[in-house]
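Shown below, as structure tokens, is a lone chain in the form predicted on its own; questions about how it binds or moves come after it.
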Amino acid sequence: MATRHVVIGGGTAGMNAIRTIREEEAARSEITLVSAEKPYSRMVLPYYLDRSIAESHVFTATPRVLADWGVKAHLGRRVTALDAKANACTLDDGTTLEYDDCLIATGSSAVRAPVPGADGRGVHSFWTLDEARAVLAEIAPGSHVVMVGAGFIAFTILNSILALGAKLTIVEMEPRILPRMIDDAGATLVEGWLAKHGVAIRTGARLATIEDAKGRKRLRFAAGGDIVCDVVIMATGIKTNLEWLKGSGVTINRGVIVDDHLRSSVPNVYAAGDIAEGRDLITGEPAVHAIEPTAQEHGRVAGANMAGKDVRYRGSLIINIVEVCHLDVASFGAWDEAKAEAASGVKPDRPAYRKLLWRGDRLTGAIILGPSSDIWTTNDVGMLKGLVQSGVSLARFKAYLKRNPFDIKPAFIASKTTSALLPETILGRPSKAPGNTPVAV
């Protein structure tokens, strides 16, 4: 009898797991996908918003393609209950699916600030395709858009809003923008850069209420003047979709707790992506990393193990990279570790900023920002990521790098970081072209 796999969630983690099962299995299995939405890539929604791509290009697998892959799909359906003892899950239409193993990859949902009016007309989140459609329908040239929240999600769509000809104001409760991505010095440079590009920013702003104002929206704050605008986008964070797992027998903390094979506390139940709480590559501690690279890697590792392989996961590296108005901003690893040795440099006129964080001879975190037009910015983003990811010893170069954080190329080359990274693949074997299997998304 063919092995029965159930994949719950059609996002990046789920689709990569399906691809990997088909690549790695010794005998053809049965794969059933349950997804509340047709599979699409959340990462391309900003390009859909600014009309760079058509909506048809958002989707990663049509029903016909899923059928060609041999996947039985329940699209538009949600799993409402998982019974780990019975090896079965129940859908919202009452259907019961039995499995030999299953993957939980139900991701995250947007969270709006708990203020009166946050659920009203003209107030949107930007996390799903439906939400992207709603935002696109309301923004017109000359519109005034207010984004509540100045984190990574907000900054992924900043360029798109400006490209639509809208005026943009960003309000953030924390004292600085990008509070979970860069430090004060970096945020100051980014704020100055955005101001030059016509983006208004208000930090330390505690939103009190959102009201209707003659067809527009009025935002009132605990302190400071009101803001009247046409569209409000709430970019105030996400939460893992865990509620439906209550009573399942699967151990949950901030996410589904997984081991180095991405198995949950129930051996034949795996978890991947935003919903999984697994090992942080740098700290070794359990963490939930709701980022695209982790979802890709989790899906591949879980899929290989579901296919009968023995693949261990080293851990997830925090990676945040965004480009705003042609300024690259990135951070890697433990970029905010208070106890780490740190060295930084700033060139306000470019503007450019570097911060390197150390544990002994290893680079464990980094922040970098600079104009996209500067080739050294693009090159050094990749090199800094590589130095943090590889964990190579930089003993010979540490003193130099601390004095010269803008000159990392000699250390990268001499430490043979490329040689350390080239053989490193998630599945421990050379990469394969997708062929007739699902693409990595």
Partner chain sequence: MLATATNVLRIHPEKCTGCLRCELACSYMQTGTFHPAKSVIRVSPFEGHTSYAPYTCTQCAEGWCMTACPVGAITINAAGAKDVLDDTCVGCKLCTIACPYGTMFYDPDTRKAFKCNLCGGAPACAEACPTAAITYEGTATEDWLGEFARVRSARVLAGVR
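Residue numbers count along the first chain shown, from 1. Just so it is clear, the structure is predicted and the values come from calculations on it, not from any experiment.
Note that the form predicted together with its partner chain isn't included here; everything after this is about it.
Task: Heavy atom contact within 4.5 Å of its partner chain in the model of the complex, the stretch among 214-222, 260-268, 315-323, 96-104 - done: In the other structure, the partner sits against 315-323.
- [ ] State the residue from E138, E292, E277, D92 whose non-hydrogen atoms include one within 4.5 Å of its partner chain in the model of the complex.
- [x] For this set of options, the contacting one is E292.
- [ ] Given its partner chain in the model of the complex, answer whether the residues I53, S373 and S419 all have a heavy atom inside 4.5 Å of it.
- [x] Looking in the model of the complex, the three residues I53, S373 and S419 all sit within 4.5 Å of its partner chain (heavy atoms).
Open item on the list: I'd like to know if G391 sits close to its partner chain in the model of the complex, meaning any non-hydrogen atom pair within 4.5 angstroms.
Closed with: G391: no contact with its partner chain in the model of the complex.
Open item on the list: When the contact criterion is heavy atoms within 4.5 Å, does N379 count as touching its partner chain in the model of the complex?
Closed with: Within the cut-off, so yes.
- [ ] Would you check, heavy atoms only and a 4.5 Å threshold, whether L82 touches its partner chain in the model of the complex?
- [x] No, L82 is distant from the partner.
Open item on the list: Within 4.5 Å, heavy atoms only: does P410 come near its partner chain in the model of the complex?
Closed with: Yes, P410 is a contact residue.
- [ ] Could you list the residues in 385-408 that come within 4.5 Å of its partner chain in the model of the complex, counting only heavy atoms and keeping sequence order?
- [x] Heavy-atom contacts within 4.5 Å come from K385, G386, Q389, R396, F397, Y400.
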